[in-house]
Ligand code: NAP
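Next up: just one chain, as structure tokens, the form predicted alone.
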């Protein structure tokens, strides 16, 4: 067994400003990678630029990362960073900016390569230094080696084969305070999917399950916030962010399983939010699992059974109708990924995948 988690993680109030010196050790000119607006609204961008300025570090801001970032976006950011002389990358936001930052840091190291380098499993993985600062509570990308990108021309979304960990992750729950409830619902559902899929996984070990157990306990503490039954206090924001980080640590050891694999086609073809799309398949995935494993996860999360979880999913994320044609495409896409299918610790064939996808079921 092995537990590998090379990212240096700090979690504290005013974390970014407190660790400006650690940012300064990574280079002289940062490419800050964000979405269009949220990093400004939640104060994280201000904290990053303040920390850099305090230590005399220059920065260039790229704020064009979309949800489910595309390879084209990665290449535009790469070109901007190179033109400005950037020598490290800071990803600020949810999974999209952080995943993009990893790919951008790789491509900045290989300035003459085209986008095919991203998907070349035999190419060298040697990115520029990377910092991840999460401002949502789902992806855990700050502590995973995964970068998921969309290829619009192919209508495909998948992880690149390069394993890229951030050098440094800075966690501060205050950035969640302004997040709308639907964002908390979608992102915390992603975190729960990470935790459940890591526990119910052929690569699960006592060490990965240690992270799952800690993460699910933290996750359960804020269910009432996501349900709208109480306010998102500072403490609740920290617990949600910590649960997502534990989820990231968990899947860094095991990888995600079938719900994530099925979700990609749904996000591409229906634009459903990523966490919501993963949760769409989670009830039926849990139903297929060994009862002892299933009950261990559900009990830690405070759910009586799979239907109790499903009621929570509907109350927080809603269950949108997805055309059977899209679900069938998700199944066919996953059938071409035997490595992902092998992570489910039960027999999987097309019939099982169609059952997990809920093909033919009413919404």
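If you're wondering where the values come from, they're calculated on a predicted model, not measured in any experiment. Residue numbers count along the first chain shown, from 1.
Here the subject shifts to the form predicted in complex with the ligand, a form of this protein not shown in this document.
Comparing 218 to 226, 233 to 241, 73 to 81, 260 to 268 against the ligand in the predicted bound form, the single stretch with non-hydrogen atoms within 4.5 angstroms of it is 260 to 268.
Mapping the unseen interface onto this chain, residue 192 falls outside it, with no heavy atom inside 4.5 Å of the ligand in the predicted bound form. The ligand is not shown here, and in the predicted bound form it never comes within 4.5 Å of any heavy atom of residue 333. The ligand is not shown here, and in the predicted bound form it never comes within 4.5 Å of any heavy atom of residue 316. At the 4.5 Å threshold, heavy atoms of residue 103 stay clear of the ligand in the predicted bound form, well away from it. Note on the partner interface in the predicted bound form: the residue among 289, 118, 168, 148 having a heavy atom within 4.5 angstroms of the ligand is 148.
Exactly one listed residue, out of 308, 324, 295, 67, brings a non-hydrogen atom to within 4.5 Å of the ligand in the predicted bound form: 67. Of the residues in 34 to 69, those that come within 4.5 Å of the ligand in the predicted bound form through at least one heavy atom are, in sequence order, 35, 36, 37, 38, 42, 65, 67, 68, 69.
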